[in-house]
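Before any questions on binding or motion, here is one chain by itself as structure tokens, the form predicted alone.
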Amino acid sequence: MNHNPQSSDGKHDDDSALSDFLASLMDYTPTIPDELVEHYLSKSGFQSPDVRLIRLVAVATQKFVAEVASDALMHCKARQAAVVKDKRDKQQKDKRLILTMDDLSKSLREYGVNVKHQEYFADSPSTGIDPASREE
């Protein structure tokens, strides 16, 4: 038995906060369109007429993608900071950050997603750059 009168108030506050959050989803336009979320949910066998639920999945997906991108950026910065000292002068001229598949794979691995790519996958910072503009 629960003799604590505070716990029922806390539950009411949680229910109220959840209701407020779900109501706010009606006015929110997520980055990931509702149609795209509905498509992938239906492909996995889930159907829901409630727009709030679709938007909740979109917000969760948006948060996941943002965290993976942020972690991949940290991996990219760490990789580029580990460049040998004699190449550091050249790197100071070009401060572009180049996200590689390796950075993204490391980030995704932290979330339990294993990514494998083909051996012929082009994953060089100079891939796709005009050979005349390369400074090698």
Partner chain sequence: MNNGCLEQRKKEGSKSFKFGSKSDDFALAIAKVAAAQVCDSVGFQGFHLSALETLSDIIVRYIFSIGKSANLSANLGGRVEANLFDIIHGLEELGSGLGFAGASDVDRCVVNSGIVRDIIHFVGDADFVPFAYDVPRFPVVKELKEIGSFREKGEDPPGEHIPSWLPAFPVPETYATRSSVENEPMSVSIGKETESVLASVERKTKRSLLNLQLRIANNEYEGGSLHGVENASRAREDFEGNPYLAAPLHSGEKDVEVSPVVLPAKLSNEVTLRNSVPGNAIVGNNETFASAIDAMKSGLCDSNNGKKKLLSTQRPTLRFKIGIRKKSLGTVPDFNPRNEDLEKDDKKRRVETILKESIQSS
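Being a predicted model, the structure only gives us computed values, none of them experimental. Numbering follows the first chain given and starts at 1.
Another form, the form predicted in complex with the partner chain, is not on view; read the next lines as being about it.
*Asks:* With the partner left out of view, is Leu18 within 4.5 angstroms of the partner chain in the predicted complex by any non-hydrogen atom?
*Replies:* Leu18 belongs to the contact set for the partner chain.
*Asks:* Taking heavy atoms and a 4.5 Å cut-off, does Ala66 contact the partner chain in the predicted complex?
*Replies:* The answer is yes: Ala66 has a heavy atom within 4.5 Å of the partner chain.
*Asks:* Is Val115 close to the partner chain in the predicted complex, meaning a heavy atom pair under 4.5 Å apart or at it?
*Replies:* Answer yes; at least one heavy atom of Val115 falls within 4.5 Å of the partner chain in the predicted complex.
*Asks:* Classify Ala81 as contacting or not contacting the partner chain in the predicted complex by the rule of any non-hydrogen atom within 4.5 angstroms, answering yes or no.
*Replies:* Contact check for Ala81: no, nothing within 4.5 Å of the partner chain in the predicted complex.
*Asks:* Going by heavy atoms, what in 52-75 lies within 4.5 angstroms of the partner chain in the predicted complex?
*Replies:* Result: Leu53, Leu56, Val57, Val59, Ala60, Thr61, Gln62, Lys63, Phe64, Val65, Ala66, Val68, Ala69, Ser70, Ala72, Leu73.
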